[in-house]
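Form predicted on its own, single chain, as C-alpha cells, below.
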C-alpha cells in the first residue's frame, strides 16, 4: 500500500504544475542512449542523473566521463563528468555537463542524493545550477532549479520509475519534463524497459529498450523512441574496473547521434 500511495502522491502533486520544447538537460550515458533513454527505472551510473532515486542501487564509488555528438555536428556536442559516491547509507551524486561551442554554450552542474524507504520505495532529489553564455549582444543568464525521482519495486522482477525536471516553469520559464518508466528483469542477463516522457511544448514520446548481457563482459543494447522517431543501438564492454559504452541514435531525417562513455569503479 505504501508503494502505491507514494506513486499516486507524486503524480497528482507534481503533474498539474508541469507544462510539459527542447529539453534543457540533454541526457548522458552511452548505455542509456543505446536503449533510447528508456531508463527511468533502470540502474546505471548515468541513469542516476536521469532519475536520482536510482542512486540507492549504486555501490562503492564510480566516476565517469562522457561525450555525445548530436547529428555528428561538433557544434552540438556535449561533454560530461560525474561521480556517484555510495559508501554510506545516503549516496551522493555530482555532475557537470557542457553543451555547445564558443559562440553559445550551456553549463549545467548538479548535486543530488537519495534515500531508501520501506516497501521497496526510493526517493531522490538534485539541485541544478545552469549557466548560459552567448557571444554578441545576447545577455548571459543563470538559473537555479531542481529535479526529483522515485523508484518503486512492484515485484521481484518489475520496477517502476518516475522523474520530474524543473517543476518551477511558472517561476523561471524554463522547460519542464516528466518521465515514467518500467523495467522488467526477464532474467539476470536480459532487461526490457518501457517509458513515456513529456517535455514543455513537445509531443509525448514513448521509448522502449533492451539490454542483453551476452558473455559477462559484453552487453548488447537496442531501443526505439517515437518523438523524434529514432532507433537506438549500443554495446558495452567491461574489463576490471573500467567499463566502456558506445551508443547510437539514428533518425532518418537528422542523422546519427553518437555517445561514448567511460566509467571507472573504485571499490
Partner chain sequence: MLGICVAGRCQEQESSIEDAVEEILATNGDYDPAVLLEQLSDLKECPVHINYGDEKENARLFFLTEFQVMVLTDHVRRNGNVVSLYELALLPAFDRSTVMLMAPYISLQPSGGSDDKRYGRTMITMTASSRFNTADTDEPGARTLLKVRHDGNRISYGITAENDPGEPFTFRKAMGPDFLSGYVMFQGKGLISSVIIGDYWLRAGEGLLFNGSALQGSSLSSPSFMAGRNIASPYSSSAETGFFRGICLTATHDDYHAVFFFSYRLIDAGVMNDADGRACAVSHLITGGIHVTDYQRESRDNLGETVAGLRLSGGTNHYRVGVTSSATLFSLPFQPDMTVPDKIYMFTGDRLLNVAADFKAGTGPFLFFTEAAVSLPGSWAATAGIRARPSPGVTFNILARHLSPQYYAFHAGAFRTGSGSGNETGLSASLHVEAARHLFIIAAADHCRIPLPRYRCSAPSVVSRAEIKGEYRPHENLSLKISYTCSSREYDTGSGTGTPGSETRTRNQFALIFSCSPLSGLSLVSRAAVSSISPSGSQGFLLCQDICLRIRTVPVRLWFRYALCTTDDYESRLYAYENDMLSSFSVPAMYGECTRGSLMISWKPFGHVEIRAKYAIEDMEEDHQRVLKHEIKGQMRVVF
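Remember, predicted model here, so these are calculated numbers, not experimental data. Numbering follows the first chain given and starts at 1.
Heads up, the form predicted in complex with its partner chain isn't pictured, but that's what we're talking about next.
- By the 4.5 Å heavy atom rule, the three marked residues 190, 224 and 253 all count as contacting its partner chain in the model of the complex.
- With a 4.5 Å cutoff on heavy atoms, residue 229 counts as touching its partner chain in the model of the complex.
- Heavy atoms of residue 233 reach within 4.5 Å of its partner chain in the model of the complex, making it an interface residue.
- Its partner chain in the model of the complex comes within 4.5 Å of a heavy atom belonging to residue 210.
- The closest non-hydrogen atom of residue 186 lies within 4.5 Å of its partner chain in the model of the complex.
- Residues with any non-hydrogen atom within 4.5 angstroms of its partner chain in the model of the complex fall in just one of 236-244, 65-73, 195-203, 210-218: 210-218.
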